[in-house]
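Below you'll find only one chain, the form predicted alone, shown as structure tokens.
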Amino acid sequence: MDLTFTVPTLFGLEGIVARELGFLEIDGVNAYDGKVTFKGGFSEMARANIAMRSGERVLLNVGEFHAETFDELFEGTKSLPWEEFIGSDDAFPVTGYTLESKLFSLPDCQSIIKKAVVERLKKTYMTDWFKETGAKKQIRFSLVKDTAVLMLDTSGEGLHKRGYRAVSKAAPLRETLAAAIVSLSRFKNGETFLDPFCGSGTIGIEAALYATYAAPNLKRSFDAEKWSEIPASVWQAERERAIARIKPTSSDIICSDIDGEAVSIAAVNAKRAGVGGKIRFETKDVRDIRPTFEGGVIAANPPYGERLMEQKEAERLYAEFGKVYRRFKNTRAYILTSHEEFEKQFGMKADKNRKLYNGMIKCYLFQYYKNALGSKK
């Protein structure tokens, strides 16, 4: 079965998600602004849900058409083969967004799409009433520059919800973004990985999953697992495939934080993720960190100032962090912060600065690798 799927991404992560899909042996991958598409069947869909690290969800494309009026939206939606995916008892709520389009009222667009799908299904199932008590087939639409794309959500909850972070401290980092930072660091088996501001442990946990090739969503469920069109054997086979890819690691992964409560929470989260024995947790002020390794990675999401502490305090912390980093030899650093003048406070100009978003907060990933005290990426 040759279907098209769309993976929404955080802006700036499109290339990383495309690379991940290629690593998973998924074909027909193309990256666009804010999304990546790929071709395949239900096996590839299940594989992406289970093993992709940085994508937000997996959507099954049903159709695409031009729509400047509500009539065009209705007729275009009605013309799509909804009966191939939605059963007579299935629930099919509608959600989506519009951008730079003549149709900008979300409630009206949702209502029209819903009515059009109902009209299409009436003829197939010979009924005027749908109970919608069965499997959930969430319809998601995008209407961008008058082009409507209608999709079905196979994931359910966003893929950043791995299931391991039952508890977190304030302002947690999204798991998919943490995974992308690890990927950008080119963390290799055998290297030491340090997060000196670990909070609830997200970066370190994603690093441990990455180092062992463990699929991040192996233990969670997905909406499409309840779809009658997809045999349970598909999901079983892809989970077995993911388990077979897991490898041992000789990397030393260290997570530390000045907040002892946060460290305790991080340790619990790591255990829930199945990597508790692969991470060393320490309660430590960043200023007390001494170089015990070289040639590894330091990755961090330090306090921004606007969220967790006063900005001046954050700037002083960045300066101390810079002093600590300069003691390390041959060590790469990847630091995410919303502070635009971080380099000035840190005391070093980054080799690369990538704009990313942590939720709605615009951030910058400052990357030190080219001449990071003699290291090479």
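Every value quoted in this text rests on a predicted model; they were computed, and no experiment measured them. Numbering starts at 1 and runs along the sequence shown.
One more form of this protein, predicted together with a small molecule, exists but is not displayed; see below.
Student: Is there a heavy atom of Pro216 lying 4.5 Å or less from a heavy atom of the small molecule in the model of the complex?
Tutor: Pro216: no contact with the small molecule in the model of the complex.
Student: Answer for Ile258 alone: is it within 4.5 Å of the small molecule in the model of the complex, judged on heavy atom distances?
Tutor: Flag for Ile258 set to yes.
Student: Under a 4.5 Å heavy atom criterion, is Cys198 part of the interface with the small molecule in the model of the complex?
Tutor: Because a heavy atom of Cys198 falls inside 4.5 Å of the small molecule in the model of the complex, the answer is yes.
Student: Can Asp285 be called a contact residue for the small molecule in the model of the complex at 4.5 Å between heavy atoms?
Tutor: Yes - in the model of the complex, heavy atoms of Asp285 and the small molecule come within 4.5 Å of each other.
Student: Could you tell me if all three of Gly40, Leu59 and Gly156 have a heavy atom no more than 4.5 Å from the small molecule in the model of the complex?
Tutor: No, the whole trio is out of contact, none within 4.5 Å by any heavy atom.
Student: Just one of Leu317, Val324, Ala31, Ile26 has a heavy atom within 4.5 Å of the small molecule in the model of the complex. Which one?
Tutor: For this set of options, the contacting one is Leu317.
Student: Work out which of Asn301, Ser251, Thr77, Thr176 lies within 4.5 Å of the small molecule in the model of the complex, going by heavy atoms.
Tutor: Only one listed residue qualifies here, and that residue is Asn301.
Student: Okay, which stretch from 69-77, 145-153, 201-209, 99-107 lines the small molecule in the model of the complex, with non-hydrogen atoms inside 4.5 Å?
Tutor: Of the stretches listed, the one contacting the partner is 201-209.
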